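Subsequent text provides structure tokens for two forms of one protein chain, presented individually as structure 1 and structure 2.
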Structure 1
Amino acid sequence: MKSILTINRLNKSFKSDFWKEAHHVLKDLTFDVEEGGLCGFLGPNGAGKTTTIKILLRFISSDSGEIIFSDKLGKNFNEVRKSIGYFPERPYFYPHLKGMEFANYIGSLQGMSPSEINEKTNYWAEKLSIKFALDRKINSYSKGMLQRLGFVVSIIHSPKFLILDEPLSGLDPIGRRDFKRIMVDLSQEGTTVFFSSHIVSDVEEICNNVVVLMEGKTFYQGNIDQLIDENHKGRYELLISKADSSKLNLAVLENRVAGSDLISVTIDANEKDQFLKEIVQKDVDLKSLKALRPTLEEIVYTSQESSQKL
């Protein structure tokens, strides 16, 4: 699969004061985003996600490093910008303009015709449940409505590459569902969606690829399923009735009460066969047995904790 974006050894530092030491936000950050599909850009607050996106869009400069956009997006940065859709973190727009006027503004800058802008804006506004507010002034919009309008104007020109910076923050559950559904739909239609988030479950739910950023470095890049498989330690969870628990030697095992009459027992893969044998021999009523698969969230949190300990 070809890359739509390649970032190579990107470095960025900020100085809060002239005499103070520079704070390194990005440290040799290297990753690429594959063309097509949905790629999550994960990392805790302050990991450098927004800084990376700002460098991508040339709002700020990098200290060193290389950013390469695929030729499919354009030959120069101006052409690339035509093919990109961008949704900033906590979007805020001109308060005295109406929603439709703002969409007209953005559409005109993209070189769209008035009829095309009108058609696309209404289409996406309908999907994002913001059509009713398009003729209202933006200063009367709630935070969620601003997010929805921001999403509409990010995609009205049918971008090939969509960059979303924390698009789901501050949205109600329905808004989150709508946003996720549209992101999936767009990626299925061929748009490469790259979205940053610090909510791991959001990324796990809809993305096939992920770039995990930790303290300005790439912690992991690749397929989410592969990452989970790599971190799958082969543990199993068994549920047995509480009454039978005395028949087994549970002292050596981690156990916890899962319900009023059930006990949950977690065992390692190498203990499984012997444990099952014991269950059969002692005529224990086994209610369920399942392999424990870690979530992306557990993997990321565990990795974050271990990196902090180091």
Structure 2
Amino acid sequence: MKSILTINRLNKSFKSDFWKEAHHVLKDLTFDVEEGGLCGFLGPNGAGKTTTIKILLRFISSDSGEIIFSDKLGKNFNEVRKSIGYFPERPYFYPHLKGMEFANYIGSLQGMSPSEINEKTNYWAEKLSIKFALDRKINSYSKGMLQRLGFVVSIIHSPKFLILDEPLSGLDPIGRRDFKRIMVDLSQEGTTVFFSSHIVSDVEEICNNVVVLMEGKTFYQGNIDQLIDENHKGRYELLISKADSSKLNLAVLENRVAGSDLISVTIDANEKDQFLKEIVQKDVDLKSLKALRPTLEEIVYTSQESSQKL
């Protein structure tokens, strides 16, 4: 699979005071974003996600490093810019414009015709449940309504590469569901979606690939399932009836399953075959056996805690 974006050894420092040492935010950051995929950009607050996005959009400059966009987005950055949709973490809206007026303004900046803006805005506004408010002034919008309008205007020009910075922040459960559904739909239609988040479960739910930042460095990039498999510690969970548990010599972790007469037994991979042999020999009723795979959240936060101890 070809990359739509390549970032190579990106560095960025900020100085809060002339006399103080610069704070190194990005440290040889390197990763790729595959074309046509849905890629999560993960990391704790302060890891450098927003700084990276601002650099690749040329809102700020890097100290060093290389950013390469695919030729499919354009031959120069002006062409690339027209192929990108962007929704910032803290968007600004003109409060005295109506929702449709704001969409007309943003669409005109992308060179869209009035009829095309009207068609696309109404289509996406209905999908994101904000069409009812397009004739209202933006200063009457709630935070969730602003998020929806911002998402609409970031995609009305049908971008090939959609960059979203914390798009799910502040949304109610229905809004989060709608946003994630549309991100998946756009990806399936061929749009490359790259969105940052510090909420790991959102990324794990809908993304196939992930880039994880830790203290300005690339901790991991690649397929989420592969990352989870690499961190699988070879433990298994068995469910057996509580009545049968007395037949076994349980020198392993066991827990009562709430609301049932079952208990959960956790064993290591090297104990599995012997334990199953004992279950058969003692006629224990085995209800289920499954491998315990860590969640992406467990892997990321365990790694974050380890890096903070160094």
Partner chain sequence: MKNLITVSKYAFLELYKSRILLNVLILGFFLLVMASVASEFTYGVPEKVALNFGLGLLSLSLVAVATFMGATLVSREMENRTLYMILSRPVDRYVFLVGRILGLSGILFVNALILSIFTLSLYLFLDGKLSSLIFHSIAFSYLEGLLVMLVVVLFSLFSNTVISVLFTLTIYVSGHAIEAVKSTSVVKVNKLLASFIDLYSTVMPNFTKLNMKRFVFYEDLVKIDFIASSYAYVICYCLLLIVLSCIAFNKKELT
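Each form is matched to the other, and the largest set of C-alpha atoms that superpose within 1.5 Å is called the rigid core. Residue numbering: sequential along structure 1, first residue numbered 1. This structure is a prediction, so every number in the text was calculated from the model and none was measured.
Of the two forms shown, structure 1 is the one predicted together with its partner chain.
Once the rigid core is used as the reference frame, the Cα position of residue 9 differs between structures 1 and 2 by less than 2 Å. After superposition on the rigid core, the Cα of residue 270 moves by less than 2 Å between structures 1 and 2. The Cα position of residue 54 differs by less than 2 Å between structures 1 and 2 after fitting on the rigid core.
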